[in-house]
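Just one chain is shown here, as structure tokens, and it is the form predicted alone.
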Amino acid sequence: MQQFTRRQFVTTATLATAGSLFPAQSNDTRARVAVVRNGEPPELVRQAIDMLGGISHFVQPGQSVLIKPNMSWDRLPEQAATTNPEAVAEVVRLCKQAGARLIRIVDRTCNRAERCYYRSGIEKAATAAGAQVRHVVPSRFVDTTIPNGSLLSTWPVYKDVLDVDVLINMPIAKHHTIPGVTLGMKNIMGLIGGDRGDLHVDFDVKITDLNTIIRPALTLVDAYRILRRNGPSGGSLEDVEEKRMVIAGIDPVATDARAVQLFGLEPDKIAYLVQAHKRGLGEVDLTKVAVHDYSF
């Protein structure tokens, strides 16, 4: 059994305020969340990352980067079941500008991978921007211990996650029948093996267990389009709402907490967020979070 060895097992980045649109607050230790509105996907992404201090706060020259979008479904971008390909491509370009030596994209899909990668538009856009877009290889899942797990003590995790320097999580905001919404913390399920159906029993505890070992340096929630109903796969354009937003943060709980409000939900009513907060993974109370909005 392999211990979790990813070099960024815990991210405790302290953001410098120089070059950031957040006001200088040397004594403000609150989680920070950037909300950017009324733009196109590339500019939304760039602005959100700039508001968190710039890409250089997350990616250093020579580092390897794994970007995890949602490519799980055989859907077009307009159907809002997968992450916007233009947003993903922009993150790839920013990582290249920061000097990343390797940028890889992978997702364990629910529908046939070839169709999902192609129809989502992510494979084409991200490859053109300079990323390696790889299909999941079953032999690369590694049984990994979860030292602080409540219900899960081990689970297969994709080896790329264990080896990478920087993990960037890029979910799309959408409805889901079990937790109510699927955002950043659930998006990491595309990086694990095993029978994911087993996770749907006591979901809030188990997804928190997994998030204790899979820790993104940055979460960027794509809300250019959101899927309001019939998630997570959707299919009908009637269920899609165009919001033209990105919500980003280092704290995965605070970032998801702000994103659930897109659906008219309160963060403290979402079981997995409450569970994650209780276990020290982040802040669920947005009154204790520095949320900054920017509109083009």
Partner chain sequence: MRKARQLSQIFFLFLFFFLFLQARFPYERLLPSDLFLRSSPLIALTTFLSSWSLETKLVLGFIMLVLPLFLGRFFCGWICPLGTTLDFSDKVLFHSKHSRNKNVATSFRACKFVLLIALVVAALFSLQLVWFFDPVVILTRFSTLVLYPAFAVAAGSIFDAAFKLGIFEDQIYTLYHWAQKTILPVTPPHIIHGLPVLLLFLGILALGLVGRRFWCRAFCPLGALLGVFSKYRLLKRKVDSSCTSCSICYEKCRMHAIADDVTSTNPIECIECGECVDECPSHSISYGIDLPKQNVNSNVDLSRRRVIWASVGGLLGAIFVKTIHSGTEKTASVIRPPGAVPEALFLDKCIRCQACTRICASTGGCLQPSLAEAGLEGLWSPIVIPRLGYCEFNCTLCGQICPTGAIQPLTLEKKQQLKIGLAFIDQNRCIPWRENKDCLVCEEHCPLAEKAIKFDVREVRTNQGDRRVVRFPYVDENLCIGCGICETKCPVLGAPGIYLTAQNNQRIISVS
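These figures come from a predicted structure and were not determined experimentally. Positions refer to the first chain, counted from 1.
Below: the form predicted together with the partner chain, not depicted.
A.B. asks: Using heavy atoms only and a 4.5 Å cut-off, decide whether all three of Asn38, His57 and Arg93 touch the partner chain in the predicted complex.
C.D. replies: Verified in the predicted complex; spot residues all out of contact, no.
A.B. asks: For the chain shown here without its partner, which stretch in 215 to 223, 132 to 140, 84 to 92, 165 to 173 has non-hydrogen atoms within 4.5 angstroms of the partner chain in the predicted complex?
C.D. replies: This holds for exactly one stretch, 132 to 140.
A.B. asks: Even though the partner isn't displayed, in the predicted complex is Glu78 close enough to the partner chain, meaning a heavy atom within 4.5 Å?
C.D. replies: Answer no; every heavy atom of Glu78 is more than 4.5 Å from the partner chain in the predicted complex.
A.B. asks: So in the predicted complex, does any heavy atom of Asp209 sit within 4.5 Å of the partner chain?
C.D. replies: Looking in the predicted complex, residue contacts with the partner chain do not include Asp209, since no heavy atom lies within 4.5 Å.
A.B. asks: Quick check on Pro147: any heavy atom within 4.5 Å of the partner chain in the predicted complex?
C.D. replies: Looking in the predicted complex, residue contacts with the partner chain do not include Pro147, since no heavy atom lies within 4.5 Å.
A.B. asks: Is Ser153 part of the interface with the partner chain in the predicted complex - any heavy atom within 4.5 Å?
C.D. replies: Close contact is absent here: in the predicted complex, Ser153 is far from the partner chain, nothing within 4.5 Å, heavy atoms only.
A.B. asks: Could you run down 222 to 244 and flag each residue that has a heavy atom within 4.5 Å of the partner chain in the predicted complex?
C.D. replies: Sequence-ordered list: Asn230, Gly231, Pro232, Ser233, Gly234, Gly235, Ser236, Asp239.
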